[in-house]
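Shown below, as structure tokens, is a lone chain in the form predicted alone; questions about how it binds or moves come after it.
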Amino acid sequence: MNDIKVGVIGVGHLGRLHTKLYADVPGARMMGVYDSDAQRAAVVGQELGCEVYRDMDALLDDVQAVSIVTPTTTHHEVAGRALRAGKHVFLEKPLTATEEEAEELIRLGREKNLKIQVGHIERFNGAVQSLAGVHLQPVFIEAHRLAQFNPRGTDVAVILDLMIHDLDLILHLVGSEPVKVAASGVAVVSPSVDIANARIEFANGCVANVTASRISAKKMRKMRVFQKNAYISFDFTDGQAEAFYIPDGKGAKDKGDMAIHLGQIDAATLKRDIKYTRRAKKDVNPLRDELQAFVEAVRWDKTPPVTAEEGLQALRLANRVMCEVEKHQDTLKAGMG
């Protein structure tokens, strides 16, 4: 099988990383980059030794697949152009600015029989990957994604900037339809919401409490999953997962790192062990790994690990959270008035 010819459209901070990492992706052949800012493209091209295209259509003529790393407001137009040209698309999150735009791209991808993968990078975090194959059945999830202020990304609310990472992963872990959303948030230093909290109830009974902030003193990216007989903590910053659990008693051996026996719970005549394990997957680069998954999906005609349909689900949930935040803000204004 020949290498897949790839290009990158949009070489800002993240697009530059896409360009650099494609060189480490087996089965990918980097053809070049395009950016509406010709000077920025020239700098990246010189730094990374790749061709710089002055015209997007010229790049599309030379590739089979593209990474689109442009502002969200341009995703629909740029991705649509690539799909109509018959190119597979990796699209950074959020999928599009509106649900209607996402639905149109999904229809176009299906009509053209092309792959669309969405860049929900936490799916590839070492903490999540270390528990691959472990059956999770969450009944309660608590997530905190806190960041120090950075002007980059403040053109959208923190829900679409940061919280959507956790919303996508929660949808993936729970596997059930969200039926009720309550949320609040406030703009502190930017024109859009800088800190938000959401409580999400799912059809299967699971509840998630999600907080995102971009005005925190310290960085935190953690998710805690509670289920029957187990508590699992994901630390996305260091790429590790920890689990406290009661073995199922069916003789299954612990996978990964050796589990530590913490003691026993006495319940009448029943004694149950409590164990602890820490897991981390080595040699993980989440961005490189998701680009590799995209190339493999194109090369071997496989379903991408994060489909456009899943990207739309995350966008829909993020929009529901935004709607509830706006309702809460209206209530506050009415109360102060």
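Numbers follow the displayed sequence, beginning with 1. What you see is a predicted model; the values in this text were computed from it and never measured.
What comes next is about the form predicted together with a small molecule, which is not displayed.
J.: Please identify the residue among L108, V181, I121, A85 with any heavy atom within 4.5 Å of the small molecule in the predicted bound form.
T.: Contact check passes for I121.
J.: Mind checking whether each of L146, H172 and G185 has a heavy atom within 4.5 Å of the small molecule in the predicted bound form?
T.: Contact check failed for every one of L146, H172 and G185.
J.: With the small molecule left out here, work out from 206 to 214, 91 to 99, 234 to 242, 190 to 198 which stretch has heavy atoms within 4.5 Å of it in the predicted bound form.
T.: Among the candidates, contact is made by 91 to 99.
J.: I'd like to know whether V78 contacts the small molecule in the predicted bound form, with contact meaning heavy atoms within 4.5 angstroms.
T.: Heavy-atom contact with the small molecule at 4.5 Å: present for V78.
J.: Considering only heavy atoms, tell me if Y34 and the small molecule come within 4.5 Å of each other in the predicted bound form.
T.: It does: once the small molecule is placed as it appears in the predicted bound form, Y34 has a heavy atom within 4.5 Å of it.
J.: Taking the shortest heavy atom distance, is K115 within 4.5 Å of the small molecule in the predicted bound form?
T.: The answer is no: K115 has no heavy atom within 4.5 Å of the small molecule.
J.: Using 4.5 Å between non-hydrogen atoms, is Q227 touching the small molecule in the predicted bound form?
T.: Answer no; every heavy atom of Q227 is more than 4.5 Å from the small molecule in the predicted bound form.
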